[in-house]
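Shown below, as structure tokens, is a lone chain in the form predicted on its own; questions about how it binds or moves come after it.
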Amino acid sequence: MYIVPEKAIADLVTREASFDAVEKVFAAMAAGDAYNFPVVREAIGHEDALYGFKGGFDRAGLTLGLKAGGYWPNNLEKRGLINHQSTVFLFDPDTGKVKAMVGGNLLTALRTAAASSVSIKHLARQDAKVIGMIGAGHQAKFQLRAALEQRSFEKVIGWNLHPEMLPNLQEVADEAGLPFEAVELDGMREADVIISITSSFDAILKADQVSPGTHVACMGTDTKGKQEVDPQLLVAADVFTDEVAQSVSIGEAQHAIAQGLIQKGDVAQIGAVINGINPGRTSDDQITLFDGTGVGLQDLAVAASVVDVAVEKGIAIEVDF
């Protein structure tokens, strides 16, 4: 078994590699060549933590495994650790033997950012100039860096419940040489692309705060009850997701479905757009919404690519297990 510790990950993976792995696995899912297992996600009654498992099998890439971990909201304040903690386990699909254990914290951040970036590539208008960020925490910086690579953006705007965190977005905008402006939520009407990356259980972004032609990526923590946007926005938009079953049960679509505003059949897989089966955006005034629920296959695809590089570079630790 190979072990690739968290401290080694940064030198083994890039945004480009993460993007390619996620795009391919979305396409494989839509083609029926890969599938996710049911998600287990529970409040453990300790430290307000959410803990669970996401796994799956990609027959095309012969990738089998799971990610174990979750969200510990007190980590940063109490321990100086990031709130999201996870580890990826890969197994040999031919024998069932454990193949690798990989640190999952940075991988989770990169694959989540890659997913919204894939959605921007395939659904946002080509002439998108202003990107809006709702949320300015640790993950928001990854999201913004990845998103800026997909269009020729000229401005970044941002809102956060705690405005003192907005310098995180300013930092990334400065890196890219772009102006940054803090706005109220009504100011999101200026955005051509909006990424929401929060842990909210109450709708933040209202339908009338989104202009025609906007692409919205809802990327926040997914669990029962999570809600970042007004359900009416899903009525106004063409809705896409990574995994329909997750979108309607633990993702952003759960509320619109429960209220009878949309049906499960109204939610399409983004992999179908990648494969050319679904046309995706068909007009410049169409609102598109990507509900990124975070599927286990994303983690496995990126982790598998990391293991390959780690073995090639002699960084992977091999143990008899």
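A residue's number is simply how far along the shown sequence it sits, counting from 1. This is a predicted model, so every value here is computed, not measured.
Separately, the form predicted in complex with a small molecule exists; it is not shown, and the next lines address it.
- Among heavy atoms of Thr288, none comes within 4.5 Å of the small molecule in the model of the complex.
- Shown alone here, His138 lies within 4.5 Å of the small molecule in the model of the complex, counting heavy atoms only.
- Within this chain, Gly56 is remote from the site of the small molecule in the model of the complex, having no heavy atom within 4.5 Å.
- Although the partner is absent here, Ile204 lies within 4.5 Å of the small molecule in the model of the complex, judged by heavy atoms.
- Partner contact region in the model of the complex: 153-161, out of 90-98, 122-130, 229-237, 153-161, criterion any non-hydrogen atom within 4.5 Å of the small molecule.
- Within 4.5 Å of the small molecule in the model of the complex, a heavy atom is found for every one of Thr108, Ile197 and Gly294.
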